[in-house]
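Before any questions on binding or motion, here is one chain by itself as structure tokens, the form predicted on its own.
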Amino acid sequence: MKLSKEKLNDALVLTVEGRLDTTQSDAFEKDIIQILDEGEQKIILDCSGLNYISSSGLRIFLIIQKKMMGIGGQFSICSLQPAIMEVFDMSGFSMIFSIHPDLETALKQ
């Protein structure tokens, strides 16, 4: 799993690549907590390179959502691959998160 970040307009875009499973989730969570502690108000998680997510990974998405709501920030997810989107739909997560088809659309929010 690889995580990169880039500031675009008023948003911090986090791009995640690879697998987000139990073995990767601890490192991902530490990176995310550090980023959240920096006080960003708008975060977009670009999942175009994410090819697998486990329940451990989904839990971290919930952590981000909760922390961003707590500070009045905005959290969006974009570019979910079809298999990942299916996981979000089946788990009900697609109703919880602001999900966009691509980064361009997410940046307009």
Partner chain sequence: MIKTNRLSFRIIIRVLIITTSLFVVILLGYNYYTSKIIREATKENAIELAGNLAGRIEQILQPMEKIPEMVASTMELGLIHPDSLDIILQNILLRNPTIYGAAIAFEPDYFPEKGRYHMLYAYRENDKVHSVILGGDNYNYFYMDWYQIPAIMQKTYWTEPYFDEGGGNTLMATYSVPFFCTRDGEKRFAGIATVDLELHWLTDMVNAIRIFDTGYAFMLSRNGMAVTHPDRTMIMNKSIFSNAEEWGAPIMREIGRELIRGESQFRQYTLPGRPKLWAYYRNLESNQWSIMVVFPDREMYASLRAMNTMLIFFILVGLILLSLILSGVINRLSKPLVQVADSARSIAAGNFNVKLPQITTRDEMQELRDAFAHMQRELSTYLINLKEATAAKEKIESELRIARDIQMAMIPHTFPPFPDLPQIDLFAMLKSAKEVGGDLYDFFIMDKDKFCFAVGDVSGKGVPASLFMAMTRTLLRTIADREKSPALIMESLNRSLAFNNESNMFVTFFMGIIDLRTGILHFSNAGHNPPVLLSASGEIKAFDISKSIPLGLFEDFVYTESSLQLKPGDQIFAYTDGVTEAENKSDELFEEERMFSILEQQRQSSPRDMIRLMSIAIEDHVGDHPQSDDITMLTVAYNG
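Residue numbers count along the first chain shown, from 1. As the structure is a computational prediction, the values presented were derived from the model and not from experiment.
What follows is about the form predicted in complex with its partner chain, which we do not show.
**Q** Does Glu17 reach its partner chain in the predicted bound form, with heavy atoms at most 4.5 Å apart?
**A** Output for Glu17 is no: heavy atoms all beyond 4.5 Å of its partner chain.
**Q** Does Leu62 reach its partner chain in the predicted bound form if we count a contact as any heavy atom within 4.5 Å?
**A** Leu62: yes, in contact with its partner chain in the predicted bound form.
**Q** Would Ser98 count as touching its partner chain in the predicted bound form under a 4.5 Å heavy atom rule?
**A** Contact with its partner chain, no.
**Q** Would Ser48 count as touching its partner chain in the predicted bound form under a 4.5 Å heavy atom rule?
**A** No - in the predicted bound form, heavy atoms of Ser48 and its partner chain never come within 4.5 Å of each other.
**Q** Can you name the residues of 56 to 86 that have a heavy atom within 4.5 Å of its partner chain in the predicted bound form?
**A** Contacting residues: Ser56, Leu58, Arg59, Leu62, Ile63, Lys66, Met69.
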